[in-house]
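The form predicted alone is given below as one chain in structure tokens.
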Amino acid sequence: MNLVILGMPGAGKGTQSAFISKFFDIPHISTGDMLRHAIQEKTKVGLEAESYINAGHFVPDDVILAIMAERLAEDDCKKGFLLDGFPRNLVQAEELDLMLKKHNLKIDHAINLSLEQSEVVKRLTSRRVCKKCASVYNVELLGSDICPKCGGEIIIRDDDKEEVIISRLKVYTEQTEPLVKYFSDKNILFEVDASVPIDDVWNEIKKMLEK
């Protein structure tokens, strides 16, 4: 089963991807993980991507696509995969389809985690992370700025500050939101309400995929 998961920042893609990956025993491939993997392996396109990142630039579509082709060719993807953060725009989606078609493959389902922008801002501005162990917390439930797991300092990430979130949502609306229509037109899109509790979101996804 070859899957794509979509949704605004803060919709819970990482959390639900972990559930899907474990339950269906397929690799969870996120854009960040994919880039880190290629860079760590020092592949040709990995080194090219690293040069863009080190210079503070976005990695171009053609480099991302080349890294994705390398990653999807690995053995653990033979029985399926879950893509998180890719494709990020229509160009990448169309090229992904062409890439998979060469191997008689296709995306079977796209899952869109639906959430209002106001809820995204609320969720992300309330998120705090341990600087030491990277555990994630909700500021409203924390009693201190010390991590209860490791004693590390609890901080707000730069990309969880409200002005940055608004900017990220603008980019999402312009570039990534059109993917919802793209996959819907192919009749492979599942819409899931991401405003409900995490377990309810997972149960809905599982029920749809098991069909």
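Model, not experiment: these values are computed from the prediction. Throughout, rigid core stands for the largest set of C-alpha atoms superposing within 1.5 Å between the two forms. The first residue of the sequence shown is number 1, and the count goes up from there.
Separately, the form predicted in complex with BIS(adenosine)-5'-pentaphosphate (AP5) exists; it is not shown, and the next lines address it.
Taking the partner from the other structure, BIS(adenosine)-5'-pentaphosphate (AP5) in the model of the complex has a heavy atom within 4.5 Å of a heavy atom of residue 124.
BIS(adenosine)-5'-pentaphosphate (AP5) in the model of the complex comes within 4.5 Å of a heavy atom belonging to residue 57. Residue contact check for residue 35: one or more of its heavy atoms lie within 4.5 Å of BIS(adenosine)-5'-pentaphosphate (AP5) in the model of the complex. Within 4.5 Å of some heavy atom of BIS(adenosine)-5'-pentaphosphate (AP5) in the model of the complex lies at least one heavy atom of residue 15. In the model of the complex, every residue of the candidate spot (9, 31 and 159) has a heavy atom lying within 4.5 Å of BIS(adenosine)-5'-pentaphosphate (AP5). Residues of 177 to 207 placing a heavy atom within 4.5 Å of BIS(adenosine)-5'-pentaphosphate (AP5) in the model of the complex, in sequence order: 194, 196, 197, 198, 201.
Once the rigid core is overlaid between the shown form and the other one, residue 173 does not reach a Cα shift of 2 Å, moving by less than that. The rigid-core alignment places the CA of residue 186 less than 2 Å apart between the shown form and the other one. Core-superposed comparison between the shown form and the other one: the C-alpha position of residue 140 differs by no less than 2 Å. Put simply, residue 14 and residue 53 come closer in the model of the complex: their C-alpha atoms are 3 Å or more nearer than in the form shown. Put simply, residue 39 and residue 103 spread apart in the model of the complex: their C-alpha atoms are 3 Å or more farther than in the form shown.
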